[in-house]
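There is one chain below, alone, in structure tokens, taken in the form predicted alone.
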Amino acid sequence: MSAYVVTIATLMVVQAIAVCGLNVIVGYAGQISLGHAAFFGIGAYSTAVLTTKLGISFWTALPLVIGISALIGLLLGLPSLRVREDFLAITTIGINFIVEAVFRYVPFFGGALGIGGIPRVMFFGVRLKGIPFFLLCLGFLVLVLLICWWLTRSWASLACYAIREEEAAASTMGISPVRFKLLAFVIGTAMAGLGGSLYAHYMQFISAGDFSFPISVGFLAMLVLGGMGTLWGPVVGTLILGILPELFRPLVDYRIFFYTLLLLLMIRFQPGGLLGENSFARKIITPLLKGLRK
């Protein structure tokens, strides 16, 4: 593969990891989040600071990065306990702008100049770049999907689904909305932090603009397109919206307009996404799978 194709494929895999985390929050627990890029950025800046200023290796920093992202996700997830729907969406937008402003104006995080010189990932003494780094990211994506698959078959996912459908009824059945909402935020933001860490080590330079509100809109568009609450929806949505801008490169300046229009059309005509319940794709694929099984 050419370097261009490897770069696009690597970035799509990294984004898919972050979108899987958003799916846990939005798709599984039903909590609106329009600031997911903030946690993506927290993971990126955490690994950048740890590896450039403290000299820690990627593998040593990674558990710390995931822990930092999850802890901040826990703290910033507290507003979801008191606000819902539109107010929660506004709150998460505010979180995104606040985190971006901290990265942009605090000198410790490089200010407007960002942080450069982020080292490449070392694996048994070999610097990973190109296809080897893509395979590393792909391995982490598989791990994230396995965690999501396990969640869908656990008691936690059933509790989250119940809260998503009707929080009051779930509460009367003994399900703690506080516990499972925060659990969803912790898992989702930890995955975003993982994606941000991989992004930082691949780009080797990050700045606050890489984690702005439009990036959050892009993540949500990928999730809605693929199918919220489905296992493969985040991957499919990221794949489609990762390829289309490259095919229509002259329209790259209108990417946010396209994402917004796509969100509106999907919510209006296909709210379940391409792989959601009652979707056109699912109606076509399901009979084919049944026929193959016979």
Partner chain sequence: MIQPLLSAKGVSKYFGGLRAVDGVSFEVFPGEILGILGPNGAGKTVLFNLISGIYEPTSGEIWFSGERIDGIPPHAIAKKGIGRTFQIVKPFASLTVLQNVLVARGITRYSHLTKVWGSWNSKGEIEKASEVLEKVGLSDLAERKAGLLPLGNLRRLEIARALVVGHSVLLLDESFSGLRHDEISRLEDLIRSIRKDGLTVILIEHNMRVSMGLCDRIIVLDHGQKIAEGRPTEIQQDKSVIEAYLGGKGTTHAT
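Since the model is a prediction, treat every value here as computed from it, not as a measurement. Positions refer to the first chain, counted from 1.
There is also a form predicted together with its partner chain; it is not shown, and the following applies to it.
Between 99-107, 133-141, 217-225, 179-187, the stretch whose residues reach within 4.5 angstroms of its partner chain in the model of the complex through a non-hydrogen atom is 179-187. Among residues of the shown chain, residue 154 is one whose heavy atoms approach its partner chain to within 4.5 Å in the model of the complex. Although the partner is absent here, residue 204 lies well away from its partner chain in the model of the complex, with no heavy atom inside 4.5 Å. Its partner chain in the model of the complex comes within 4.5 Å of no heavy atom belonging to residue 81. Among heavy atoms of residue 129, none comes within 4.5 Å of its partner chain in the model of the complex. Every residue in the set 161, 172 and 175 has a non-hydrogen atom no more than 4.5 Å from its partner chain in the model of the complex.
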